[in-house]
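Before any questions on how it binds or moves, here is one chain, the form predicted on its own, in structure tokens.
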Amino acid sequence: MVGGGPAGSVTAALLAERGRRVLLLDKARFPRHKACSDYVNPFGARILADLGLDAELAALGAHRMEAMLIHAPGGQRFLADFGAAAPGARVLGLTRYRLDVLLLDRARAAGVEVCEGAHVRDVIVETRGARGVVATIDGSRELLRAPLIIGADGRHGVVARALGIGCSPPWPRHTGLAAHYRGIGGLDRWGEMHVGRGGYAGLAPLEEGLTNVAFVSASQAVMARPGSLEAYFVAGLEGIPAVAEKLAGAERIGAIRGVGPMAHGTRRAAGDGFLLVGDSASFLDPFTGQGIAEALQGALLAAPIADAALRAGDLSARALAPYRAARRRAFRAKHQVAWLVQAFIATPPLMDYATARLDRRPESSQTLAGVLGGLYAAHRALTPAFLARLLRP
């Protein structure tokens, strides 16, 4: 297993619970902060509860929200009320500094051997496919062989790159910048998303009075900035008046973290001797807030298929093909919704128009909230009937 984030830790734990010997490698040493929205949508929160982690999440101070308030560029807004879409549904706000350690410790408790500070450099490929990795551990180069390599090392991970299967869509090409703030008021029952004309910002309340503040904009604009990354981040937030008002008097805690371009895909998420889970397999954009939930769901899909293949002694692409099929069934419609949302964000008049109608049409608003929260089947936001109700005057 390469990567100790949510996808890697949960996949590793599930395999270890099935009696598999699992070695998990990560170049980081935990705990560590991560460029992320620190946001787990209701479907992801439900998976964590099903894994028996509710008490631990509460002990870590995870902030529970029931909605996201979405602001369009022209000032229109609507409330994506997850609690109304499914009573009891909640969003979790928790730093990756705490969430990732919780999941990694769960993997250890299940019997996973965790090796931190292990920098995977390459994948060993033989005639039958992937058969191991080359890693630097404590300054020494080591060749580690395994019948199955699972890449969970993120959007720019070495596993997909070494296998030559990574690809990036031409659009959208966005970079996300995030930092934690203390002293932001007016956020409790919900977080907020603000779409501006030069990017969009997200605010998610976290543990101990912190708020994650993220700003997402075109990667080209970030690269062409005349000044520092900090100045660009601050100017981007100040360029959205409602966000600037929220941040007035707040204190930034720690560094600004960034990642981009964020959109990422692969030509296949499984093949001879390998599987990809989480962002390693695919990632579009954080606006819909499904990144961590998709990582957790991908782990649930991958573990039983990987276990069956290991049990049969057949790690061929054909034996692992059910994972690719399962991902298509689970994520294709969700990704189509995410593309649709990005099209609205990229067209401010359309975003204004749709937001105003969602605010006046509770049935449409509830449907979209349920889809964005992973509470309803994603295809419900893709039907001609839904789009007609949303867009009619």
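These numbers were taken from a predicted model, which means no experiment stands behind them. Residue numbers run from 1 along the displayed sequence.
Heads up, the form predicted together with a small molecule isn't pictured, but that's what we're talking about next.
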*Indicate whether T211 is a 4.5 Å heavy atom neighbour of the small molecule in the predicted bound form.*
no
*Classify G289 as contacting or not contacting the small molecule in the predicted bound form by the rule of any non-hydrogen atom within 4.5 angstroms, answering yes or no.*
yes
*Look up in the predicted bound form whether V259 has a non-hydrogen atom within 4.5 angstroms of the small molecule, and give yes or no.*
yes
*Report whether the minimum heavy atom distance between A28 and the small molecule in the predicted bound form is within 4.5 Å.*
yes
_Taking a heavy atom within 4.5 Å as contact, would all three of P42, D81 and R189 count as contacting the small molecule in the predicted bound form?_
no
*asked:* Using a 4.5 Å heavy atom cut-off, which residue among V114, L163, A293, A85 comes into contact with the small molecule in the predicted bound form?
replied: A293
*Which residue, I47, C36, A62, A354, has a heavy atom that falls within 4.5 Å of the small molecule in the predicted bound form?*
C36
*Just one stretch in 224 to 232, 315 to 323, 153 to 161, 124 to 132 has heavy atoms within 4.5 Å of the small molecule in the predicted bound form, so which one is it?*
153 to 161
